[in-house]
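Given next are two forms of a protein chain, the same chain in both, each as C-alpha cells and marked structure 1 or structure 2.
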Structure 1
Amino acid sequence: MTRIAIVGGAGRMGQILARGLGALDDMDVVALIDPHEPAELYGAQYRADLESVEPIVVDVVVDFSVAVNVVHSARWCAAHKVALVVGTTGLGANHRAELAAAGERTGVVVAANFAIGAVLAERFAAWAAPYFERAEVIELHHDTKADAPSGTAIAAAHAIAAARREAGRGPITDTTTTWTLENARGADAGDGVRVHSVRLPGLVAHQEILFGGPGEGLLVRHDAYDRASFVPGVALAIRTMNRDAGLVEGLAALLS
C-alpha cells in the first residue's frame, strides 16, 4: 500500500485526486496539505503544511498547488527521502532547479499534463511532425487558469520542433507580412511552431495540434472533459517511478 500526501489538497484538483487515488486498492491518501481546510478529507488527515507531517508515514508527496509551494515540497521530500510527483503548472527555471536537486536524493516526476490521452497526442504529433510543412498548436482552457500558454502546449510544440530537427527539417518560416493586430499569429514556441491560447468559462482542458502540407491537413485533438482524467496518469507515475532517485520530466517517459 502506497501512502500519499497531497499538497494543494483543498483545491479542485487536490480534492479530485484525494477521492480518485484513495479509491484505488493499492493507494492510501493519508494527508491533505493546504493552508485552507479541505471541504472533504476522504479519510485523510488535514495538515496546514508539510512540516507538520511525519515523514515516516508518507511514501509519495503529490503536489498540485501553486509554483511557489513546489520549492518547499522539493526540499522537504529531498530531506526526508520521500518521492515527489508534481503536476503544478507555471514552473520557472528556479522551480525546476529545485526539482532537479531533489531528484539527486529521491524520485521526482514532473509533468505538464497527467491525462494519458494528452501524452499520447503529443507522441502522435511528434511522429507526424517531419511529414508536414507547418504545425501550430491551439490550447483551450477554463478562464481561471493563471498561466498561458499551458505547459502541455509548450511541451507539444517542443516535441514537434525536436522531431523536425531530428528529421533534418528546418525551422518553420511564418509567411505573414502584415500584422493588423499585434501577436495575432500567437507565440513562437521554438523553430516557428506557433502556440495560441484560448480561455473561456465552461472549458476544462483541450488541445488541437494542426499540421498542414500540400493538399492535406492533419488534426490531433485531445479533450479533458473532467479533471478526473488526470487521476490515472498520477497513479501511473506513482506506480512506475523510481522512488529512490532521479528526475523524470513528462509522463511519456513512463509509458511503455
Structure 2
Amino acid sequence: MTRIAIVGGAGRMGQILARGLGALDDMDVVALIDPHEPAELYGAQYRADLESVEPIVVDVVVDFSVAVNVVHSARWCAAHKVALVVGTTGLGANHRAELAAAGERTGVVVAANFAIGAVLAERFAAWAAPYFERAEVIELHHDTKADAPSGTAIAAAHAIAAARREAGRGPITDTTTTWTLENARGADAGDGVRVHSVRLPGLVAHQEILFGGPGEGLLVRHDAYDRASFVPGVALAIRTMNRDAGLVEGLAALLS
C-alpha cells in the first residue's frame, strides 16, 4: 500500500486526487495539506502544512498547489527522503532547480500534463510528423482559460518540429500571401508549425493535431472532459517512478 500526502488537498485537483487515488486498491491517501480546510477529507487527516506531517507515515507527496509552494515541498521531500510527484504548473527556473536538487536525494516526477491521452497524442504526432508535408495544431479550451496557446499545444508543436528536423525535413513554409484578417493563420510555434486557440464556454480541454500530405490527411485528437482525466497519470507516476532518486520531467518518460 502506497501512502500519499496531497499538497493543495483543498483545491479542485487536490479533492479529485484524494477521491480518485484513495479509491485505488494499492493507494491510501493519508493526509491533505492546505492552508484552507478541505471540503471533503476522504478518510485522510487534514494538516495546514507539511511540517506537521510525520515523514514516516508518507511514501509519496503529490503537489497540485501553487508554484511558490513547490520549493517547500521539494525541500521537505529531499530532507526526509520522501518521493515527490508535482503537477503544479507555472514553474520557473528557480522551482525547477529546486526540484533537480531534490532529485539528488529522492525520486521526483514533474509533469505539466498528467492526462495519459494527451501525452500519447503528442507521441503519435511526433511519430507521424516526418511523413506529412504540413502539420497544424488546434487547441480548444473553456472561455476562462487565461493563457493562449496552451502549454500542451506548444509542446506538441515543438515535438512535431523536432521530429521533422530529425528526419531531415525542413521547416513548413506558409504559402499564404494575403491576410485579410491579421493572425488568421494562427501563431508559428517554430519551424512553421502553426497553433490556433479556440475559447468557448462548455469546452474543457481539447486538442487536434492535423497532418496533410498528397491526397491524404490525418487527425490526432484528444479530449479531456473532466479533471478526473489527470488521476490515472498521477497513479501511473506513483507506481512506476524510482522513489529513491532522480528527476523525471514529463509523463512520457514513464510510458513504456
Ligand code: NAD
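Note that the rigid core is defined as the largest set of C-alphas that superpose within 1.5 Å between two forms. Residues are numbered by position in structure 1's sequence, first residue being 1. Small disclaimer: the values here were computed from a predicted structure and weren't measured.
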* Of structures 1 and 2, the one that is the form predicted together with this ligand -> 2
* If one rigid part turns against another between structures 1 and 2, which of F132, A163, Y46, I116 falls at the hinge? -> I116
* To do: Could you check how many degrees the smaller rigid part rotates against the larger between structures 1 and 2?
  => 16
* Core superposed, what is the CA shift for T180 between structures 1 and 2, in angstrom? -> 9.4
* Structure fact -> Rigid core fixed, the Cα of D191 shifts between structures 1 and 2, in Å, by 4.9
